[in-house]
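One chain follows as structure tokens, the form predicted alone.
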């Protein structure tokens, strides 16, 4: 069922102009996608909501837009040159390449799924008297699956932490993991693969080697003092950025969930050493509240990291329940003073802050929030795409496909529809209404096909409101405004339409949930 939903999302994205395979006329480029007319609007709205929620609502957070190309020593200082690797394994028979840790994680998911299946079967058998907590704690089969999943997860984390590729290979063999398509278990050794794309610039010295940035955070760190001095911010304060990043993923998969070119929305929050855990917990809750403003709470959860990155002393993911399971949506990390200290040591420049309250200089600690814009885009669509039965004009049940996107994020806020396209007076009036409304928000004008079909087209791209101009409009200057989710139609004055739609679709309607 979930696999079918995922296929429908991918198909819907292409059919309605949200996402296209990149370079499709040349049979595409694996792991790269283009955002279409509807997709770019939705993505821009998501970015704008993040920016307003992060920068506009906080006096002590400001933004930058740093360059994609940066001095190559930045990536030496950050650890990316030496440690930005994924474990790679090849299947000798199929010649396909995989991430070894993902193969194991998939097997862990299967173990958990088996335990959940036992719970579901018991729930059906015992009905209302079923005690799930007690069943999970006492049923031998559930305990076996759960313990095996935990043991495997711990061993995987230890292998990655100690860079023990031999044990990771042994774990794959012990779990009897097969290549998904062929069933072959003929694996190569596991080896580390650096994920950075490299390129050349003629005037950087040495061999002119540069990297496409694998994250946007380093552009913030090397600009720490510039921003602090020009904005006169005091600790604690944050710097936010939205920008492209590039990773040469071993296996780009699951549509736009894991791509080689993607967009990040990151904020680095600089704090006094010793206060980082308080701020870490604060930003965990703030970011979860932001996500819950656009996503049902039951679709979200925290997941602590089992294997901390070299720069972190605490890390947690906010996971979303995608059609392929709970996966990372956003990471919150306590990065200590690793980045600023590393750049200070390698560059020879002191990246410090003078704290007037303590009367001393120190290197700030950092709490990071980092969310993938593309993954957030996919989560919005996954939650919004619905097929439902609704009454048609004759009162009979029919089906419709609707994107129940939060109205403030919807690509098109309002569609203007003349009842008939062959009545010049209706078309002229509809055009007049459209020209007024487009000054306030993005609108579409549509006169092709019956009104019912036009409603369905707007439902499919998530348009919250449709305004229909009919013969009564010519008499009293009123129109029918239809709401997407309820499909309720009300009669209002033309002069009221802009206010009604603006009130329901302005980003402030979401921001109010955060303050």
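Residue numbers count along the first chain shown, from 1. Predicted, not measured: the structure shown is a model, and the values here were computed from it.
A second form of this protein, the form predicted in complex with glycyl-adenosine-5'-phosphate, is not displayed here; the remarks below concern that form.
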| query | finding |
| --- | --- |
| is_contact(residue 264, glycyl-adenosine-5'-phosphate) in the model of the complex, heavy atom dist at most 4.5 Å | yes |
| Exercise: residue 403 in contact with glycyl-adenosine-5'-phosphate in the model of the complex, heavy atom 4.5 Å | no |
| Touches glycyl-adenosine-5'-phosphate in the model of the complex: residue 338 (any heavy atom, 4.5 Å) | no |
| Touches glycyl-adenosine-5'-phosphate in the model of the complex: residue 247 (any heavy atom, 4.5 Å) | yes |
| In the model of the complex, the one of 179, 330, 101, 276 near glycyl-adenosine-5'-phosphate [non-hydrogen atom within 4.5 angstroms] | 330 |
| Contact residue in the model of the complex, from 375, 429, 287, 413 (heavy atom within 4.5 Å of glycyl-adenosine-5'-phosphate) | 375 |
| Contact segment among 430-438, 379-387, 225-233, 248-256, judged by heavy atoms lying within 4.5 Å of glycyl-adenosine-5'-phosphate in the model of the complex | 248-256 |
| Stretch 361-382 - residues with a heavy atom within 4.5 Å of glycyl-adenosine-5'-phosphate in the model of the complex | 368, 370, 371, 372, 375 |
